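Just the one chain here, the form predicted alone, laid out as structure tokens.
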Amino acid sequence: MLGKGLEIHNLNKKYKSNKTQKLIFNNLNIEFESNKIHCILGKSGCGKSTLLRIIAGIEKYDDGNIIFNDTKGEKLFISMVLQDNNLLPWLTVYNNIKFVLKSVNKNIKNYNQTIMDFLKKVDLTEYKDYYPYQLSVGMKQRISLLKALINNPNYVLLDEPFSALDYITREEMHDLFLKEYNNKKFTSIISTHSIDEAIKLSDYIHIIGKDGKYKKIKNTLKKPRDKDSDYITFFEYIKSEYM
């Protein structure tokens, strides 16, 4: 057992529909080290999104234990970023961020300065009065990421948040995420089906197969990992393990 971090023991999950049922997890065991970036890599239907929702507490599971070792004595705070963003359509960009900020930090004296400082990080200050429908997909995902990080959560869960972005925007989002991680050092779990993304972002890659197989691989490449001379070799290794 780990001294710190998140442990999942003997997790079982089934989806039931009429007279049929689909087994998602059968005694799944995973350990996520604290203050590291973890990527859950797997093909569609392997249960990546389900696992994140279970960790976030928004979906039930049939049996097993989920233990947050590194938050004993502290309030557990989990943020989640979805693929389709999680912006409230009836609020402006500014008020979307303010809504989240006030929900946790009610004693902040200057909300405006905090919000504008965050918007400046992603060069979106001029869009503060825009509504979500007026923003591009990339803009909305940048705002969603800021919302998830602004209250300094213990855990940041990302459910394929970059998959709908074009190549350039996705690379910019990767860089923004890594920059914020280096500043705040939270524990993050990211679901993805992209081997490139998993290698670039993660400290550990957790490969989940549809047949219930699971393997954890430590990312030994030097940062920035996509520039490491052994990148291609490591990529081919992960590809060979992709179940």
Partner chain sequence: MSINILIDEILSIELFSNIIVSLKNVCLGFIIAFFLAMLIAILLNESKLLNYIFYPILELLRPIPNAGWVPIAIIMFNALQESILFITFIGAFFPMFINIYRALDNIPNNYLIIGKLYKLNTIDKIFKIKIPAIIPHIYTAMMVGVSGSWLSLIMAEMISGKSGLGYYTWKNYTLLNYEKLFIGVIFMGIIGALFSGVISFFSRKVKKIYSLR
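Only a predicted model underlies this, so the values are computations on that prediction, with no experimental measurement involved. Residue numbers count along the first chain shown, from 1.
The discussion below concerns the form predicted in complex with the partner chain, not included here.
Considering H193, K216, R53, K36, which brings a non-hydrogen atom within 4.5 Å of the partner chain in the predicted complex?
Among H193, K216, R53, K36, a heavy atom within 4.5 Å of the partner chain in the predicted complex occurs only for R53.
Tell me, which of I78, I115, L165, L145 has a heavy atom within 4.5 angstroms of the partner chain in the predicted complex?
It is I78 that has a heavy atom within 4.5 Å of the partner.
Is it the case that S103, even though its partner is missing from this view, gets within 4.5 Å of the partner chain in the predicted complex, heavy atoms only?
Contact with the partner chain, yes.
Taking heavy atoms only, is L88 within 4.5 angstroms of the partner chain in the predicted complex?
Looking in the predicted complex, residue contacts with the partner chain include L88, since a heavy atom lies within 4.5 Å.
Are any of the heavy atoms in Y131 no more than 4.5 Å from a heavy atom of the partner chain in the predicted complex?
Within the cut-off, so yes.
Though only this chain appears here, would M173 touch the partner chain in the predicted complex if you measure heavy atom gaps against 4.5 Å?
Close contact is absent here: in the predicted complex, M173 is far from the partner chain, nothing within 4.5 Å, heavy atoms only.
From the candidate stretches 56 to 64, 22 to 30, 195 to 203, 175 to 183, select the single one in contact with the partner chain in the predicted complex, where contact means a heavy atom within 4.5 Å.
One stretch meets the cut-off, namely 56 to 64.
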